[in-house]
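Next up: a single chain in structure tokens, the form predicted on its own.
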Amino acid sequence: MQGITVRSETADDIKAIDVVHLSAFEGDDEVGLVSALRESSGFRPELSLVAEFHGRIVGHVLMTPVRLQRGKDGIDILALAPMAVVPSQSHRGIGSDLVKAAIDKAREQGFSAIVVIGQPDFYQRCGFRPGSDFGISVNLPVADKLISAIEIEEGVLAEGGHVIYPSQFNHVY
């Protein structure tokens, strides 16, 4: 969308990011999740992206490194969550812009895949495929149909696996 700028978060953005999640979701679970992930050892500020529209933060997406376990082996990939756009700005392509920027950032940072739990129709419009296409499961109590993934490096998910989300996600799912 014209006028949208997507960039990594700064310390000055934290309160505005909280407002985005509070306005987009009922309750403050996602605000707590972002805060807990921000305080975790796996937090990488360059993987926390904000969308600005006319100088105002109207969207946010966070990616966190997770382990895709395959028997005794595994690979590090990213989990995309949470992602939110303020309701007054929804249906303007901001969410899609955030997801596309997240994929680009993941590629730039050397990650080979992203997994997400959320609205399959939306994420699959952004290039994700059902997790079941790859044989991917997660350690959270969610329906398989809500799991989607995208390969940044072709073939990296061909062997499937079990995604281990950090404990910070347990209070949201």
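Each residue number is its position in the shown sequence, starting from 1. Since the structure is predicted, the reported quantities are computational estimates derived from the model, not experimental observations.
What comes next is about the form predicted in complex with a small molecule, which is not displayed.
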*asked:* For the small molecule, considered in the predicted bound form: do all three of 96, 119 and 125 come within 4.5 Å of it, counting heavy atoms only?
replied: yes
_Among 47 to 55, 24 to 32, 64 to 72, 132 to 140, the region lying within 4.5 Å of the small molecule in the predicted bound form by heavy atom distance_ = 24 to 32
*Contact between residue 84 and the small molecule in the predicted bound form at 4.5 Å, heavy atoms?*
yes
